[in-house]
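Coming up is one lone chain in structure tokens, specifically the form predicted on its own.
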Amino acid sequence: MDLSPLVATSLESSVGNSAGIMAPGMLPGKSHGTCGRDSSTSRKKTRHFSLGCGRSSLGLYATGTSIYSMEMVVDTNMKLYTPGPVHVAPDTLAVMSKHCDTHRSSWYSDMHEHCENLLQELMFTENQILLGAFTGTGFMEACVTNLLGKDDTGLFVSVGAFGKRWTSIARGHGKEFDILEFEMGKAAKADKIKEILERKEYATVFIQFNETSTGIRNPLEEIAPVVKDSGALLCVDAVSGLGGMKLEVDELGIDVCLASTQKCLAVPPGIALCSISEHALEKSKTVGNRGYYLDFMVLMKKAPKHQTPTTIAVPLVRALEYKLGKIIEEGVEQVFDRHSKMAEMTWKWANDAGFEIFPEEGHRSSTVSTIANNRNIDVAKFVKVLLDKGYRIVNGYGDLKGKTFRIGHMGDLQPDDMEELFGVMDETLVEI
């Protein structure tokens, strides 16, 4: 690897008079150590910086006057079985490395428009598609700031941690809202939602399609008609579901359906997307204090040109176009079936290993499985030993940490990949 663009030819070369100086392109980070730790062998403070992705990084140490040591830590064989960000295939990374024109070029506009068309096909919608230079939480916040006016009340239906995140956003903006919260591991029930909607008028209802923390798939096919009958707008967080499970946006009357690239679409994080209905756009026009960066009206200004109002990560859009094309090439129904098959394989493995499935039967996600720790194993140790072997799953999220663990089966993963993981997990369970 040619290090000359990053560091001087001599590791003792002067880099400035501050302990925090970095070579061009380097970022503070961790690489088998703690960023900014003091050296026990030197009177000068030592800073450790790394450049890399995942467990592959270029590290160096810098004192107040010089860079004096370097290390390489490389593990290119680690396999991610996570609920996101997920493994990104080499061909996708190769696409990102290609030369790009600017976000105001006709080349970019054509690519952006192609993404819109492919997303409409994947989401079963004719609604406007918007892209944003942020992750899914950005569009979650946009739904709150654009679709709840000062005299409106929102209803947040929560079945886990990300439903609660949406209420935290609303609270932070001083919005009026009610929460209908279901027990973790249980799906939202249409009849309960209907009772609430009949009691009080709500401008907008917010709900997850696929709750990443609990592995629950909400029955939107039952819930959406109830919401639409009430006259409320419907916003759906499909971050960990879009591209892995079928979601017919127009059939269900979803006004905003949001997602991001780092889950089932198997693109690095950094871009969020949503479909938005005319009803939602009209509502947004009537709401004051929408801000700027997440204002639907601002985002729409460049929509006719198939562009974004601010600079977007063009290589990520290029990767998104490529991956959407691969999904369409495989066949969307085949993609959904593959995710469903991997989910069923995971549930069978869990039951055979003596574990219970945390989410209730009939409402389990096809993209992430949350496994109950009824065997009372040391989940943190289980996750760590698997990681040492090159396989990453994750602990339970938030209050479920140690009580559950989660296995992602989304994106580019195939059934053979799952079989490989199951074998390693069986081996590891015996060892710990």
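Don't overthink the numbering: it's just position in the shown sequence, from 1. This one's a predicted model, so the numbers in the text were calculated from it and none came from an experiment.
Heads up, the form predicted together with a small molecule isn't pictured, but that's what we're talking about next.
Proximity to the small molecule in the model of the complex, defined as a heavy atom within 4.5 Å, singles out one entry of Leu147, Ala319, Ile276, Val239, which is Val239. Only one of Thr135, Ser230, Gln307, Thr125 comes within 4.5 Å of the small molecule in the model of the complex through a heavy atom, and that residue is Thr135.
Remark: all three candidate residues (Arg165, Thr212 and Lys263) come within 4.5 Å of the small molecule in the model of the complex, counting heavy atoms only. The stretch that touches the small molecule in the model of the complex, counting heavy atoms within 4.5 Å, is 135-143, out of 135-143, 343-351, 248-256, 90-98.
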